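Read the single chain below, which is given as structure tokens and is the form predicted on its own.
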């Protein structure tokens, strides 16, 4: 009874803490401007099923795709076994689903095979990051914490799978000894190879089995509460993030309603705008971005595929799309903490532009959309870059000489070049 009370209290506390942190993150996302992503629900659902559930964009890198699929499928399916652990913990039972007979044996056998695949995949991922040191896991934004974060998760997964297999090995051995409370249930194709490593004493086996059981479930609850502080929050946010994907063709820029209203008013003095003017053109800080941009930031997996595909980064320029997303997440988290401390109007004198993201970074972007295309969960760094550029151009008039000359030529000549419209086709007359 004491263990049941302890288990229930631990579970309630873990879920409550996670709910508090999740609520703060949702609050932070809602600091962004409105964006309507309610159109084409069927297409959005299919996009989510294809990209988030089906991981269709992962296959462009087959090795990572196969390993990630093992971890992903293992994570989802082994959680069925967690359901049994939760019921056993609450009611003091043991292998409550054991009465399913052959089906249960097949499930446990499948769980063990998946646990082994997850274990091996995580070991390979650790080797790729820390021994082979793949380039895309490096970069100025990949400081000590981001690199450690990935390693912590991989090590945790390895420990959880090890505990699961050791728990089953001890359980199977206790079943063979006819120990009370340990009903004969389950098939153990992987953990059977660990049984010879365990002691023969019944009391020692019970201690190992119970210790691994508590470690496994406590580790899962701890992992749940680690997610809001980690890049692995994409486990949850990948699904809404892909659902609210921008369905417009890549390269199509949105018009600002306030600017559109100004143009319409100039062309038609009788025009009455239906929307109020924006408080600011473009974005200087995270609250000027849309809630979709901020959700993108919290969904970023820091995998580096965007930066690895970025032509500006490849040619040695300062821009890293991954850093854009990480900086946006760090800044909106900081703004949320400021609200918690000082209320809604608290101003710390910082901003996303200049404090976190430099102007050199955003002007290095070629607007090619390679980053958006490469992202496995449809994050759009370009939309943030464009909003920051809009602020510099429209609010500060500091777009740079080359861009100012181009826009002056468009205004005066109807084209980006300095030639008058009458001379535009002179090149065709030269033999």
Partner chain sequence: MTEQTNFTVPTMAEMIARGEEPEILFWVGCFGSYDERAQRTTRDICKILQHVGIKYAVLGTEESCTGDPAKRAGNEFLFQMQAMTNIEVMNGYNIKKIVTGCPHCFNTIKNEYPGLGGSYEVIHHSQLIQQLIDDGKLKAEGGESFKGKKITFHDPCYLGRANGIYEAPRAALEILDAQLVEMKRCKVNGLCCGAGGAQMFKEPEPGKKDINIERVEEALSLNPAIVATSCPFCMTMLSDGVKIKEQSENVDVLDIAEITARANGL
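This is a predicted model, so every value here is computed, not measured. Numbering follows the first chain given and starts at 1.
Keep in mind that the form predicted in complex with the partner chain is missing from the display, and what follows is about it.
Please tell me which of 281, 244, 75, 291 lies within 4.5 Å of the partner chain in the predicted complex, judged by heavy atoms. Of 281, 244, 75, 291, the residue with a heavy atom within 4.5 Å of the partner chain in the predicted complex is 281.
Quick one: from 140, 176, 90, 267, grab the residue that has a heavy atom within 4.5 Å of the partner chain in the predicted complex. Filtering the options by heavy-atom distance leaves 267.
Verify the flagged residues 256, 312 and 407 against the partner chain in the predicted complex: is each one within 4.5 Å by a non-hydrogen atom? Result yes, every residue of the spot touches the partner chain.
Select, from the options 100-108, 140-148, 246-254, 81-89, the stretch whose residues sit within 4.5 angstroms of the partner chain in the predicted complex by heavy atom distance. It is the stretch 246-254.
How about residue 9 - does it come within 4.5 Å of the partner chain in the predicted complex, if we only consider non-hydrogen atoms? Taking the distances in the predicted complex, the answer for residue 9 is no, it never comes within 4.5 Å of the partner chain.
Answer for residue 365 alone: is it within 4.5 Å of the partner chain in the predicted complex, judged on heavy atom distances? Residue 365 belongs to the contact set for the partner chain.
In the predicted complex, is there a heavy atom of the partner chain that lies within 4.5 Å of any heavy atom of residue 428, even though the partner is absent here? So residue 428 counts as contacting the partner chain.
Taking heavy atoms and a 4.5 Å cut-off, does residue 19 contact the partner chain in the predicted complex? No, residue 19 stays farther than 4.5 Å from the partner chain in the predicted complex.
Need the contact residues for 366-405: heavy atom within 4.5 Å of the partner chain in the predicted complex, sequence order, or none if there are none. Residues within 4.5 Å: 366, 367, 368, 369, 370, 373, 389, 390, 393, 394, 402, 403.
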